[in-house]
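Just one chain follows, in the form predicted alone, and it is written as structure tokens.
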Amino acid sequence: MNIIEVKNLTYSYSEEQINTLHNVNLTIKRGDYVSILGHNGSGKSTLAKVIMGLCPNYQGTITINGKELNKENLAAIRKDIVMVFQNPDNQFIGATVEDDIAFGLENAQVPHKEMRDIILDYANKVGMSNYLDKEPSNLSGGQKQRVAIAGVLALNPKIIIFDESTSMLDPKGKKEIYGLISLLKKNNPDLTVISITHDIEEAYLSDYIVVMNHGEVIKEGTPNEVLKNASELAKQNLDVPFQVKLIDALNKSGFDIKEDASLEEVGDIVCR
């Protein structure tokens, strides 16, 4: 079942500007992990903002969890969909990690007697239960994003959009967040995750990839379908995932490795 349907979406930030999004058609299945991939200025972040209801006056239709995005349904839709932003510092409100996770629950008018258990539950799920009394400013980049993720998970959304949420992290922090997303999907198969990114390695981990350029969807499919063509990716200023490069190099050297083989499987084949 599709949880998001976008039909003939066109959007411009002003009448004087050319269209930032042009005739975008997109469907996202419930429970999928989807990467929307593209270089800076491709329109991917604008698409996320429109889907979130942050950019009105678009042309076309958007349906989220069976409800058309409009003024009447906006409040209900925002209970289903949340966003984790690029810079976690921009999301912190509370003086402590616990206060910050509690902020969204307070806005949702969750009774205070229920909040503590919810905060502990989601802090534990993201591995931050030992940091509840810490100031967010004293955390690492990866830890800050974990707290931001706990805050949105506590609202029990059906869809989470990560808007370039690993772009400011070091490799260790990125690996932590990729692992956390995989764990969240494993524990909640119905949770739909959308990652707005230009990180090829992250996109390779997702179920489905949508490639955008100049406000249009130019290619979509599974990671193996989209990322195996180096020349096409280069035209979009995108690289090829390390895993794809490795398998291609090994196959040219005489190995016979499937395109979707994991690194563990590649290692087993090479070491035989």
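Numbering starts at 1 and runs along the sequence shown. No experiment lies behind these values; they were computed from the predicted model shown.
Although it is not shown, the form predicted in complex with a small molecule is what the next lines describe.
The partner is absent here, but in the predicted complex a heavy atom of H39, alone among H39, K228, K67, K29, sits within 4.5 Å of the small molecule.
Between the options D100, E202, E164, E176, the residue in contact with the small molecule in the predicted complex by a heavy atom within 4.5 angstroms is E164. Note that among 39-47, 59-67, 217-225, 203-211, the stretch whose heavy atoms approach the small molecule to within 4.5 Å in the predicted complex is 39-47. In the predicted complex, at least one heavy atom of H198 sits within 4.5 Å of the small molecule.
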